Structure formats: structure tokens, C-alpha cells
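To begin, one chain is listed below as C-alpha cells, in the form predicted alone.
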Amino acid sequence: MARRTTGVLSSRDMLRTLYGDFMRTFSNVLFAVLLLLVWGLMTLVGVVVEQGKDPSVYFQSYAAPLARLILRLNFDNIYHAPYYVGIIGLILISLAACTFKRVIPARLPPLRPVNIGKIPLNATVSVRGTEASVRARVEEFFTKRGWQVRKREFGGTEWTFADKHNWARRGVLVAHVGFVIIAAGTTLYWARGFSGDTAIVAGQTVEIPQTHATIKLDRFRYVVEPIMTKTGMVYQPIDYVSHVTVVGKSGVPKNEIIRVNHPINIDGTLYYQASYGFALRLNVTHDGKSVESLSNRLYATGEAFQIPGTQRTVQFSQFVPTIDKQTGQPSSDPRVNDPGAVLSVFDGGRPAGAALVPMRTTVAIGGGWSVEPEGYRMVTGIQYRYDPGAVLVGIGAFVLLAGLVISFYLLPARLYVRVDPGSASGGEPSRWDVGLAATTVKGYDIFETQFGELVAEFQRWLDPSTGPKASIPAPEV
């Protein structure tokens, strides 16, 4: 039996030790800051490295060893990586430990007696009367001024505790709850949400891979307003609009209009007008004959094709809406008047030349090959996002803001009041010394003026005829 008891005690001691080590670690402010720093670095990686792209994109954008490292460490989908979700979990655990270990004891102190003389904000008021009448007047004074009055007895001595804005002590807790709600909403987005972008050529239809919704661009319209400034003419895009036909889960086609800052909603996913551009149709000929495999298609900006049988590639580098008739160079006017295209030629991967080619003008690229920009089509850039945690993030932001407002703009204060017997003279009522001490969650300096005014009013209330005996030591620096 003795051995069994000893074993139980050892297990309990071990659990207490583990719990103590856990709380000391996770309630440590430096540890919490370290976790936030690691989380911030991971988030920065997610901002720098494009997310959710095909592996070939990373090998094109980075050196092969770095691209392999990105893929192996799951940096291409870091927001859904187990270690990213894990660091969020550790932050929440640290937040909870700090809340219960540090914040709650500091913000919500228990009612207990104090040494009034050792608290920087203290005063003593001498008053005549019976003990019951003095205590009644003390309670009435604070109650009428909106203080919450509570009485407790410790060691046979009665203490009065008066609190102002006591509920505001929970402001930090409210802010912590808001942070947790935001973290829950963000986690929900990482778990179930998605985002992406796509480009749609006029007349073509694309399918969103995550939702299988289809969007067809029927027509694109943009408005540019020329504005004369001191430095010259500036062309300001004031509106660009995509007229689309969408098909969602219902299977019913709907005509919608997507414009800047006015997204459309398809089955809970929001689609935003992000950009616009141009796709180019080229007529590629060899010895005067059109090459169908290269001509019957549209080229996006930056797209290239290789000349068969050679190491030469031709790239559609830039669409020029207006070519200046006098200089033959691209104009700053983004409206389509006399369009053209910048075509770049590469030989074995090295630049071999570039030219601005007006629309329906043929340019020879050697070996009997020629390229003619035949026409163009508008391209709209659409960004989409599905965020099931957006409502939670909004609620959490409101709760967090409310907690910060409560913490910064309200001053919870607590007064410790003790009535002790004073000196008694022959034939006069007993004299009582009422001691007061004040504490706040923001230090003593911020409450010094209010405490002085309160003590003066308190003395007048208790006994207007009594001379000033209140002592208000200056706060210790």
C-alpha cells in the first residue's frame, strides 16, 4: 500500500512539473513573440512565392535547386501546409496560456486586504460618529457616484472595496477573444477557401477548376478619359467592364456584368474585374504560304512560338493600341486607334531583334518566314475568391476593436477602504480613521488627479466640519 501511494504521488508530482514547465514556456512573452515572428516569416514566404501554380511555373521562375526546395517544403501551398496550421495552433495555445497565467490575474485581481500606507495613492480621513454611521456614509458616498461596492471580512476586520468601470478590466480579454475569432475565420479560409485568377479572351469560355463554373466573355468595354495636366496629356482609365455569361451549379446561363469594385457572386465565390489586355492573331507564312498550325490561334502577351526546323522563336511582347504617325513609336494613348504589336525574335534563346509592326503589316524574319499581325481581341483579367471565414473575420475584427477601445479609453480603478478606531476625547463621539488606497490597471500617475479630487469630496461628505487630515503621498516614480 505504501509503495502504491508513493507511486501515485510521484505521478502527480510529475504531472505538476510538466504542467508548470508547459505554462512557464507558453505564457512567456518572448516565446509568444518568437512564434509570431516565425508565423510572419511563413506568411511572407506565401506572399513572395506564388501559390497554387503548376510545378513548371516554379522551374521557369527560379533556379532548379530553389524550385525543388519550394515544392518539397510545400512553399507553393504554404497556407495549407501542416506546419503553417501548426504554428497558428501554437500561437493560440500561447495566447490562452498568457491569458490565464498573466492577463486574468493582472486585470481581475481578487478582493484581498492591502497595506494602505504602502500603496502610492493613499489617504486617511478622520471623522466623528459611530462605527455603523461612518460605514453607512462610506457606502452611500461610493454608491451614489456609480462605484460598485462590495464588503469582505478578513481576520475580523471589515474591508470595503469600491470599483469603477470594473467590467472594463475585461477589455484585454475581449481583444483576445477577437483575435481568436479572426484566427478561426482565417483558418476556415485556409481549410476550405481558395483564390485565383484567370484571363478570358472575348468570345471564349473558361472553367474555374475549383467550382467548375464557366464564364464566357461576350464583350469587353473600357473607357479612357484624356486629362490635360501641367506635365502634359494623361490618359486616365475611368471604367472597364466585362459582359459575361456565367453558368453555376444550377446549370442555368445568366448574363452578368463585372466591373471594378463591383464583383459578381457565383455560388458563393466572388469574381472581380482585375485587369484587361489584348490577344493577338498572327498570320505566319513560309514562302508565301500560311502555316495553319501557327496562324489559327490567339497569342497572349508574352507568348512565343518556335519556327519549325530552326532554333528561332518569335514572341508577342507587347500590344500597342496607338502608334504615333509622326514618330512611328508607341503613343501614350491607350485607346485603340492605329494599333500594332512589338514582336521579338530570339535565336537559340538569345535576342536577335525586335520590331514594332503595325496591324496588317508583314515583317520578314528570315529563311522565307514572315509574320503579319492580323487582328486582336480584348482579354479580361478576372480574380476570384471564395472565403467561408470572411464573416468570422469581420466579427472578430469588430470584437478586437471593441476590446482595444475598452482597454485604451476606459480606466478601471479599485479603492480599498478600511475604517479603524481613532482617538476619543471626553464627552465627544468616537473618532474614526477611514483609510483609502487606489489602484488601476494603468499605473498610478494616470489616476493621481482624480484620486485627489475624490478624497477631497469624500472628506466633505463624511464630516464637513472636520479639518483636513487627508494625506495623499505623491506616486513613486
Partner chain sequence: MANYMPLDEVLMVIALASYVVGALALLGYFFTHEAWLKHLGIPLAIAGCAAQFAQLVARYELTHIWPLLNLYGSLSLFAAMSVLLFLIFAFRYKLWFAGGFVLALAALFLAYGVTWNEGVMPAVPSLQSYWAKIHVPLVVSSYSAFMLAFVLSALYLVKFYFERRLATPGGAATPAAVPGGAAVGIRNDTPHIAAAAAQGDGTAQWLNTLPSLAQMDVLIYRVVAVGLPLLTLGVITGAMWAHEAWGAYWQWDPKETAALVSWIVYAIYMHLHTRNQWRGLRSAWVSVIGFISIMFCYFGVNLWISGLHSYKM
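As the structure is a prediction and not an experimental result, all values here were calculated from the model. Take the two forms, find the largest set of C-alpha atoms that superpose within 1.5 Å, and that set is the rigid core. Residue numbers count along the first chain shown, from 1.
Below, we refer to the form predicted in complex with the partner chain, which is not included among the displayed structures.
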Response to the item:
In this chain shown alone, the residue from Y299, Y79, F142, Y276 with a heavy atom within 4.5 Å of the partner chain in the predicted bound form is Y79
Discussion item. Using a 4.5 Å heavy atom cut-off, which residue among P209, G368, P237, G353 comes into contact with the partner chain in the predicted bound form?
Written reply: P237
Worksheet entry | Contact segment among 353-361, 116-124, 304-312, 290-298, judged by heavy atoms lying within 4.5 Å of the partner chain in the predicted bound form | 116-124
Worksheet item: Is R221 close enough to the partner chain in the predicted bound form to count, meaning some heavy atom within 4.5 Å?
Response: no
Discussion item. Can you tell me whether I227 touches the partner chain? I mean in the predicted bound form, with a 4.5 angstroms heavy atom cut-off.
Written reply: yes
Discussion item. Please determine whether V33 contacts the partner chain in the predicted bound form, using a 4.5 Å cut-off between heavy atoms.
Written reply: yes
Discussion item. At 4.5 Å between heavy atoms, is S317 in contact with the partner chain in the predicted bound form?
Written reply: no
Practice prompt. Any residue of 14-40 with a heavy atom within 4.5 Å of the partner chain in the predicted bound form counts; write them all down in order.
Written response: V29, L30, V33, L36, L37, W39, G40
Practice prompt. Establish whether a shift of 2 Å or more occurs at the C-alpha of D387 between this form and the one not shown, with the two forms superposed on the rigid core.
Written response: no
Discussion item. Checking L404 here: with the core superposed, does its CA move 2 Å or more between this form and the one not shown?
Written reply: no
Fill in: Rigid core superposition, E256 Cα moves 2 angstroms or more between this form and the one not shown
no
Worksheet item: Any idea whether L30 and I406 get closer or farther by CA distance in the predicted bound form, knowing it moves 3 angstroms or more?
Response: closer
